[in-house]
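Presented as structure tokens, the chain that follows is alone, the form predicted alone.
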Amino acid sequence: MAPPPAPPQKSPSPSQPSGKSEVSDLKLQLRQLAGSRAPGADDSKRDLFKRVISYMTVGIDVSAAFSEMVMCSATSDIVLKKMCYLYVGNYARCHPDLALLTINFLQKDCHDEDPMIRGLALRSLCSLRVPNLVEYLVAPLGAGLKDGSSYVRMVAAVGVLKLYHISAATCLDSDFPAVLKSLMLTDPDAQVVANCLFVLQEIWNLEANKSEEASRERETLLSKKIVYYILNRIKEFNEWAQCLVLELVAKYIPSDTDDIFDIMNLLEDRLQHANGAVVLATIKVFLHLTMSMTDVHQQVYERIKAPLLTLVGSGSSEQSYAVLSHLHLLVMRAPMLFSSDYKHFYCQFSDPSYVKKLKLEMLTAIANESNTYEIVTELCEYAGNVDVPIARESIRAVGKIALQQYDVNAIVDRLLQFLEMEKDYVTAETLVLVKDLLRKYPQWSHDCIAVVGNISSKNVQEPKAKAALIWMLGEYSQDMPDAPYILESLIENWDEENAAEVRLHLLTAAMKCFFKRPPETQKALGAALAAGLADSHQDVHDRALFYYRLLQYDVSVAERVVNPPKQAVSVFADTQSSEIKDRIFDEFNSLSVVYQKPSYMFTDKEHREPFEFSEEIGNLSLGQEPVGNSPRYDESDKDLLLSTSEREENGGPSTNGPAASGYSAPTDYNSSLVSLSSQTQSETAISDPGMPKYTSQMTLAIDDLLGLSVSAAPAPPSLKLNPKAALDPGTFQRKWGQLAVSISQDCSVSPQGIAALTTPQALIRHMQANSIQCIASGGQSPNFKFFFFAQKLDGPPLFFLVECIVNTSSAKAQVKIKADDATASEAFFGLFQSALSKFGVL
């Protein structure tokens, strides 16, 4: 048989070496050209340098050619110099021993007659960032600060900051800050002045916490002499330098009103600058200087309107969004000043969705009696927008305006017309708004209920909208003839409803309807309580248990608790406190305005919002600390462990049905409610109000809702776990990234368990006794985070992975389970829940 043909040889890519031999060839060619002054030698060097840089760029290690590259740098060709400096700067950090080879030629280039080469050499020398070479930087930097070329002085000023970050003591001992300060006040070049100012601010800000002298030096930068000197030269600076100067001036404290007006007059023309950053920085100066002058402050608002509105309409969408964010902040502080300019905030067809959303917020904020009709008319046009999220936002904007009590009659009519559009998302958003309107304007209930009553519950699928519809069915059941029957049909489909919010509203609505129309609702209420007590969601179960025991105690008391006389809501809670808004205003012209939160909320770890934990746990820093027989690893990133991940909506299969629950429900709901319906009108109690009586049949296998007693925990499933299970962190991480979430549920922790959970070790030992091992943990009260794992004892070695976040304040644990066999997740969840319920009790 003939041998198979050899595979075709792939030709090596011209941009990548085929192996070590090609790097060796490069070294040989560079060595041959080193010191050569033959015609065309520089062109050959350029080709070789380009190949070396291209290899370096794609991540190939060509550090072996370091010596040859340094030898070839002896040339007057500035292009070769630049490529050599780039190469040297890249490998000097990784190979500090090789960096020493570059000192001689870089120092020599620092004295070259060409100022461009002097500047490039000085920049490369300072960019080596090798602590052992600090002594070689001082003399070139000192000479560079006195160089006759402004380019070299500019590079030298930044080089001082690089030296400070390598060795602060060397920088300060060489008295470079004093030289920079003198240079800042005397140098004729504006960019040199700007670089000196930037470097001095950076150094003194870092040193201010270490010495009083540094703190005083930082304050001298805000002296009247320096501020006025820089302001008088501001037109010479580029945009970046102008923003730097304006940021400094914003911190300046003027001595009197004349000082304020002098600064504002100097900066007046900056409001017409083409660069948006300069305009915003100038506005920040104006606003901060006039905070104590109310009348002038209002005039400043009038003055800055035109520049801001011009910036919104010009430039990129990103710039428009940033400027709109600042306008939104100003509108929240002075909405009347912008009420006549509402047309500037109408959405354009070409606007991206994030700009449209912000414009809708602006229209909502500036709405008043004079412009409500025009704004609402415009917003109603957006409701039919092909961009569904914007259509939703426009409907919400109409509702927010209605809650501000401006021309409510016309707005309510518009909202009710939305219900006739027969678009699911329009109907859903409108139902939520109608609910809020009825809470504030109960007098509109007749008109609203007449329209809402024609909506089929089968056509409403979104949880918030369905919850709003159910709320209206319970609150106004006396005005809706079909309310009991609609609720009954919804209760019959209880197991198909995934959203806990809907099931909670369904329980409350059934109770309210029962008190108003007992004969028609008695059966539905009994079914709702039975389903609620069998529900696996802790909140739903607790509410059903509360209602059931409340009805057992006294029907009249239950009615006063569940369906009391209600007063209209006058003011809805604001999402941000005035203190937060003032803090954001103080940080004008920063990311705080764009994020709509103070900087400490997204920069300081201890103030960050709940962290949305990634499915990848590769960032875990694991350090062994054995507990018992199983190794445990502590999380070093405190912020990660103290965070609480957001609950996953529909993250796993529905577990609402009775089969998924470990609770045993009473069997006599309907029979008990027969007597309840007959007693409602006369308000007679089921049992002695002073001493409620409970039969053994009514005892539920769950911790008492009010914490009065703790009954037996649910019986664990038949699943058996391996008490000696072992899993290394790498395998755990890989499995966690590959497996899908099979169960995501909340569990209650007993009061005794909360009291025992002073440190993570307490729960770790308890779970270990139940054959559930911990691989990572951390945190402190009130938030603790754990990663557990367990292994099935019989059959193939299947693992269960658990993320458990315990909040001691709410006595709740968020449990997320991933499993090799998802069908066994339910059984393991029951076992895990059983073990958790025993913590601190047994």
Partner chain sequence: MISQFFVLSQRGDNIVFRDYRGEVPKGSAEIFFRKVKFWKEDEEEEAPPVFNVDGVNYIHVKVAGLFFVATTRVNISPSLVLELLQRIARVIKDYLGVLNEDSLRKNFVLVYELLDEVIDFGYPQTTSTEVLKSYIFNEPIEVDVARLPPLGPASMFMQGTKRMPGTAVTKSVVSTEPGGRKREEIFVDIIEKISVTFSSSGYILTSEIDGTIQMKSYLTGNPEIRLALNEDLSIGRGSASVYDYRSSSGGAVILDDCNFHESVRLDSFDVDRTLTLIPPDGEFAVMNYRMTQEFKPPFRVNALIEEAGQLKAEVIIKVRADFSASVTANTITIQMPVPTHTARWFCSFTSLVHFSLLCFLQVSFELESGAVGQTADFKEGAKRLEWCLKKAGFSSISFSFYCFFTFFVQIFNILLSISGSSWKNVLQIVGGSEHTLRAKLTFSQESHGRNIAREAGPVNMNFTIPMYNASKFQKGHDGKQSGTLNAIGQGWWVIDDLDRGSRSLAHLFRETRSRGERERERERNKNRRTPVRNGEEKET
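Here, rigid core means the biggest group of C-alpha atoms that superpose within 1.5 Å across both forms. What you see is a predicted model, and the numbers here were worked out from it, not measured in a lab. Numbering follows the first chain given and starts at 1.
Keep in mind that the form predicted together with the partner chain is not shown, yet the notes after this line are about it.
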item: Partner-proximal stretch of 539-547, 438-446, 289-297, 86-94 relative to the partner chain in the model of the complex, 4.5 angstroms, heavy atom; value: 86-94
item: Contact check for 50, 305 and 589 against the partner chain in the model of the complex, heavy atom at 4.5 Å; value: yes
item: Distance check, residue 344 to the partner chain in the model of the complex, heavy atom within 4.5 Å; value: yes
item: Interface membership of residue 516, the partner chain in the model of the complex, 4.5 Å heavy atom rule; value: no
item: Proximity of residue 466 to the partner chain in the model of the complex, heavy atoms at 4.5 Å; value: no
item: Proximity of residue 599 to the partner chain in the model of the complex, heavy atoms at 4.5 Å; value: yes
item: Selected contact from 215, 353, 457, 371, since only one has a non-hydrogen atom within 4.5 angstroms of the partner chain in the model of the complex; value: 353
item: Sole residue of 552, 191, 522, 427 within 4.5 Å of the partner chain in the model of the complex, by heavy atom; value: 191
item: Residues of stretch 416-451 in contact with the partner chain in the model of the complex (4.5 Å, non-hydrogen atom); value: 417, 420, 421, 422, 423
item: Cα displacement of residue 348 between the shown form and the other one reaching 2 Å, rigid core superposed; value: no
item: After fitting the core, residue 493 CA displacement of 2 Å or more between the shown form and the other one; value: no
item: Is_shifted residue 377 between the shown form and the other one (CA, 2 Å cut-off, rigid core); value: no
